[in-house]
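One chain comes next, on its own, written out as structure tokens in the form predicted alone.
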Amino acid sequence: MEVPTDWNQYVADFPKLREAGVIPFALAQGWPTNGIFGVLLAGIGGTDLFLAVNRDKDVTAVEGPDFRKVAQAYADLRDAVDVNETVGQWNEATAQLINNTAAGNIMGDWAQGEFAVAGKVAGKDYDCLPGLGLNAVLDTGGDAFYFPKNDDPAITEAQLVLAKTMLSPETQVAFNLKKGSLPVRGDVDMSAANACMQKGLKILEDPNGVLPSGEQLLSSDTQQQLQDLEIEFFSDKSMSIDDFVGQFADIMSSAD
């Protein structure tokens, strides 16, 4: 089968994959389920809807037709997944792709590190669809390093050495080539980046391609409430879209 060009084509191929004995969608339990909804919101719903929900906490947007379309896509994916095929950790879901037992997955750039360790080449052995092939955007959230304030000049100097080392062009290139992610500075030579990373670099050339992470826009409490709801909905196929949208709107009405 040809690699799909977008999410809709991929989902349409699910029956063919099942017939061929391939798991259509690899799923890990817990937080990856929550991450899936955020990607669907940005890809299918679009940038305006993503920001209306996460940045503006617009309950009207949650109750609107565009959000319901995203919820429907989430429900369709839920109904296509066999609970007996789910795995415990995200890297196990990635391993299903590497071992050709599953066709696709929604995961962050760190999954590319698993492909690299397995000797797989982007654009040849696997491919990627930023924004699900529907909306060329990247969520720019990530891990952060914090240095405690102190009164010891030697410690402060050591902190600066570590910060300079991490942010040096050489470190940025070496680290991101191994992880499959993108550098935090734009003046480094990433010509050695793989095919998937090149797609991401191209998106970052356009300021409109950059989305703030939901983790930057919502408090930890609100994030946890949404994660609990999204996992519950995905785990309980008897839960209706109306119930999901209603509970989502309730959470956003008091979100911070």
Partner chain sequence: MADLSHSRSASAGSAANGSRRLFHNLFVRNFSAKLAATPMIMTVLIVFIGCTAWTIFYSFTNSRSLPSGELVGFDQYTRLFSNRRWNASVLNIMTYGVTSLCFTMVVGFLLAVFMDQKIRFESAFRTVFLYPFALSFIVTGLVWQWIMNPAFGLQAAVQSWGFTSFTFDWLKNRNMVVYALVIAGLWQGTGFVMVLLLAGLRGIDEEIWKAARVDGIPTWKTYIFVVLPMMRGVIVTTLVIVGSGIVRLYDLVVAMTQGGPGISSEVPAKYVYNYMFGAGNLGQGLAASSVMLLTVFIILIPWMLIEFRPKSHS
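Residue numbers count along the first chain shown, from 1. From a predicted model like this one, the values you see are computed outputs, not experimental measurements.
We do not show the form predicted together with the partner chain, though everything after this point is about it.
- When the partner chain is considered in the model of the complex, only one residue from 47, 224, 34, 198 comes within 4.5 Å through any heavy atom, namely 224.
- For the three residues 84, 231 and 247, a heavy atom within 4.5 Å of the partner chain turns up in the model of the complex in every case.
- Taking non-hydrogen atoms only, residue 220 approaches the partner chain to within 4.5 angstroms in the model of the complex.
- The shortest heavy atom separation between residue 19 and the partner chain in the model of the complex exceeds 4.5 Å.
- The partner chain is not shown here, and in the model of the complex it never comes within 4.5 Å of any heavy atom of residue 11.
- Heavy atoms of residue 241 never reach within 4.5 Å of the partner chain in the model of the complex, leaving it off the interface.
- Judged by heavy atoms within 4.5 Å of the partner chain in the model of the complex, the contact stretch among the candidates 152 to 160, 76 to 84, 110 to 118, 166 to 174 is 76 to 84.
- In the model of the complex, 29 is the single residue of 24 to 47 with at least one heavy atom within 4.5 Å of the partner chain.
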